[in-house]
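Starting off, we have a lone chain in the form predicted on its own, written out as structure tokens.
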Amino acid sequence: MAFKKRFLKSEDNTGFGTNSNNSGGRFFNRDGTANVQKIGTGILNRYSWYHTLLEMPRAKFLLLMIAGYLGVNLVFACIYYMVGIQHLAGMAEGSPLKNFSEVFFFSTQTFTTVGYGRISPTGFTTSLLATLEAFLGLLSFAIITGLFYGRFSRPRAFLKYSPNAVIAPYKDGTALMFRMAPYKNNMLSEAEVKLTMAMEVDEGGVKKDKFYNLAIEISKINSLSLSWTIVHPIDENSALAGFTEEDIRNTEMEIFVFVKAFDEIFSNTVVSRTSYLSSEIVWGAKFRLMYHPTEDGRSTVLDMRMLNTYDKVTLPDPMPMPTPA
């Protein structure tokens, strides 16, 4: 496929580099995150913990909060226990396990500033520990409250993409297609899509990455309420002109998808990204319609289960390869 680079203008200012030997794997993961590992700085400087905690999956975030809460209280319970339970007024003597459990629950009451009053610290050391723990608890809950609000209120596109792109019949030729749809009850307007294809080519024995903008039949729509099939016609101006099924299988390529829209509820612009590798492109397929009217004909049903359903079809002969001007 080296002929592509001679007759089609590629983009060099994409920010992804050009020498394919200097990069590995796909550029973007399917969830839109960059497939990049950063080294050379300390772990505290390598990550934005605020971004990490906002992007963390919900179950993992909740487990981390619970583990942190239990861990902090276990640490303070051990310190109280080592200082001596005799410095905790109102605590009855018992077995070591019972004593530690009482100290642990005293720690949770102090950390949350509940303070039932049955057990109270006596002496300077224990009172100082309780003061520090209460202060740490106030800071912790302020941070956690902010994180919960940030996760709840953060603008997101809530878009799902078909796991596969297809090469389908289109007009008198073929086109690259994939599908996306909003899966929540958010309202997106002024939705816009851009496609860029990265392809590995051989230049004098050196493998390089070339980037091509892929034209879209309809790149912007006023409202995105149902599914949207993105269509890139494979004509003489397409970087995919002349490709056969075997060519796609044997060529290292990745198609980047960039989506921008306006969320009317958040009153903010939201973005979404994904990518397709050559192994995720199905040759000779056509998507099935994924929405239909209700029985009474008064509404439309969008079936998200059909996002990636397609039928195999026969394609016309591929568009001939570009020729020099």
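A quick note: this is a predicted structure, and the numbers were derived from the prediction, not measured. Throughout, we count residues from 1 along the sequence that is shown.
Beyond what is shown, the protein has a form predicted in complex with another copy of the chain; the following relates to that form.
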Selected contact from Gly94, Gly173, Pro155, Gly242, since only one has a non-hydrogen atom within 4.5 angstroms of another copy of the chain in the model of the complex:
Pro155
Counting only non-hydrogen atoms, which stretch in 134-142, 230-238, 161-169, 243-251 is within 4.5 Å of another copy of the chain in the model of the complex?
134-142
Partner contact for Lys207 in the model of the complex: another copy of the chain, 4.5 angstroms, heavy atom
no
Quick one: does Lys312 come within 4.5 Å of another copy of the chain in the model of the complex, counting heavy atoms only?
no
Residue-level question: is Tyr81 within 4.5 Å of another copy of the chain in the model of the complex, judged on heavy atoms?
no
Ala215: heavy atom within 4.5 Å of another copy of the chain in the model of the complex?
no
In the model of the complex, which residues of 105-123 put a heavy atom within 4.5 Å of another copy of the chain?
Phe105, Phe106, Thr108, Gln109, Thr110, Thr112, Thr113, Val114, Gly115, Tyr116, Gly117, Arg118, Ile119, Ser120, Pro121, Thr122
